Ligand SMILES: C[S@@+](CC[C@H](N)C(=O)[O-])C[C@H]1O[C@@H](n2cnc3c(N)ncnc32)[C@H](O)[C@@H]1O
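Shown next as structure tokens: one chain only, the form predicted on its own.
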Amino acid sequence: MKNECAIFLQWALPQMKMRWSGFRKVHKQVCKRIRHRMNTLNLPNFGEYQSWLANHPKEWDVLDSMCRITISRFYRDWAVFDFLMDNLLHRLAMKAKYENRPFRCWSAGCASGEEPYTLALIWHFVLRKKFPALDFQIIATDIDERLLERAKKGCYPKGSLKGLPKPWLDKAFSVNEIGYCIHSSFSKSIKWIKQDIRISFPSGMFDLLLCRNLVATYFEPSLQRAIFNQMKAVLRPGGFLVLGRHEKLPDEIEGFSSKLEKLNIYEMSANHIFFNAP
């Protein structure tokens, strides 16, 4: 049956606290993995795989690992990074400097590292000279150890870098048989951590939290609410949460005092509002 896998996912995803609507446009990537797994198990159809899940509870962990979407690239959603570069990062850096502490960012669901490396590039080329003594830290987390190892190596196909300004590409990358490899100096500010956002968070407080195309896309509403409420505890007052361009916070989430509508950037409540969205 042509839609057999889609029907299977509509049954299975809610049982893993995920939602079909987030996977609708990308489910073929997941279905390809599942079909490969079924071939490995010598299961002829999705009905047999459903029975296999019923009889082998640990298989749910395998299925969960096959439902990870890994689409990413440097400077993804350029308007978001332009706004961070031109406005938000400078203002948050000023606040961290005034409070005499590190400026900390968290890239949640960092995949192969394109997002945290983009932040590192912006800091190096645009902001570092303005804040030479400020300790700029990026915590990059992902559940997939394979992707994190790829991120640590920092080598990418040319198509992943097409959003970067050419001068940055020329200065920050070397080209070899593997692809475009970012210079090791740009990873010094990044700490890579294998972590499942559904279970645990990195320690400490953050000025900026990027959680794009993850929680608000793929997880069911109750799990979204639980995670975003926990995120409030690790965002500094006046800090910011950045979601994907087609995402939004659940209506029940309180504590965010302002919102940049077009870019889905939310500010944590603070007595002093450090940034006012236009």
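Residue numbers here begin at 1 and follow the sequence given. All values derive from a computational prediction rather than experimental measurement.
The same protein also has a form predicted in complex with the named molecule, omitted here; what follows describes it.
Although the named molecule is omitted here, in the predicted bound form all of 70, 195 and 212 have a heavy atom within 4.5 Å of it.
Stretch 110 to 118 is the contacting one of 180 to 188, 110 to 118, 158 to 166, 86 to 94, since its residues have non-hydrogen atoms within 4.5 Å of the named molecule in the predicted bound form. Heavy atoms of residue 127 never reach within 4.5 Å of the named molecule in the predicted bound form, leaving it off the interface. At a distance threshold of 4.5 angstroms between non-hydrogen atoms, residue 142 is in contact with the named molecule in the predicted bound form. Using a 4.5 Å cutoff between non-hydrogen atoms, residue 134 does not count as a contact of the named molecule in the predicted bound form. Interface residue remark: residue 76 is counted as part of the site for the named molecule in the predicted bound form, having a heavy atom within 4.5 Å.
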